[in-house]
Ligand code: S3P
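First, one chain by itself in structure tokens, the form predicted on its own.
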């Protein structure tokens, strides 16, 4: 799909509730499938990635019924496999483009005596999996992988030993996979990170009856323990909101309110960086949702933004927002430097190289190394043809750039937005018409 963007002729105004949080939706569906009993979920993101997790748990024996499709997400009833465990599916499980689905499933399956093959699309089949398979193998799981340790991946689970792991890089997916395996191991499994990553798992599992002990940058679970059913409401996705926040900051006269957003500190790094750059942001905390701090974000056009340095220790809390922040940086005075962002080369695309290439193609100024991205602001952008490379974050970042770039910006493979925010173009148009 080809998407055409021209400079905005009116400000973005009004209020939009962005879809449910993708990371929380994955976990709510997966933990409900593992649990004993029936769970009721509301606000679940209806996207390609989450649908992959839903299809996977059904193939493994959970019963899932979509009760209602609402503007705020899916209402779902899930009856888990509980103490019986997952069944061996008839064929491979297709995880599509979802790294969360395949990596978390490896942790779930590691503790059960089943053989399951996990596959994905071309993009997912290039993404690194040894960071998950290697520590799980230390616990006793067995894996067969394609060359270089990538998907398709065969998982043979069974009796697990507990483990203690020091991750070289903060990763919520790796951490979660190990904690989920630890639920089936006899004894205490501990995962420590060098910097805080998303802690949705640690917040949600206790609601399913699985105690988590947190000590600084370490999280532990003692197994075996059987999760029990729970009811979960999913807050709005901070990462999806970021693109509307960025658009409002850059289009003159804009004033946008985004209610019900997850304000989890491990996800709100982009708001902290934008505030440091001088963005006109107002964050109003509200009641917790699903054990997560949530609230309203109001953002107004900001004429003067200042460049900043994003340190490596900040990156885990804003890793998915770097493409958007890079576009905002093109409008800031001075230089914005992102450090320790090499992980972006291993996402759905090489986001680091792609963002630098796109900004330069738009007549901005960007440079990359293996682990850094530097954007020099103050150069007016000019529309051009860009390829989203099947990457939802790139597609939305390019659309935001096109709202301020002179002439027309044409984005190929824009359908990638369906992975996390299928209604993005519609919500953007609604705010421009308000």
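Values in this document were obtained by computation on a predicted structure and should not be read as measured data. Positions refer to the first chain, counted from 1.
Only in words, not in the display: the form predicted together with shikimate-3-phosphate, which the text now covers.
One residue of 262, 266, 173, 330 in contact with shikimate-3-phosphate, assessed in the predicted complex (non-hydrogen atom, 4.5 angstroms): Among 262, 266, 173, 330, a heavy atom within 4.5 Å of shikimate-3-phosphate in the predicted complex occurs only for 173.
Per-stretch contact check against shikimate-3-phosphate in the predicted complex, the hit in 136-144, 97-105, 214-222, 241-249 (non-hydrogen atom, 4.5 angstroms): Stretch with heavy atoms near the partner: 97-105.
Touches shikimate-3-phosphate in the predicted complex: residue 320 (any heavy atom, 4.5 Å): Although shikimate-3-phosphate is absent here, residue 320 would touch it in the predicted complex, with heavy atoms inside 4.5 Å.
In the predicted complex, residues of 236-257 near shikimate-3-phosphate [heavy atom within 4.5 Å]: Not one residue comes within 4.5 Å of the partner.
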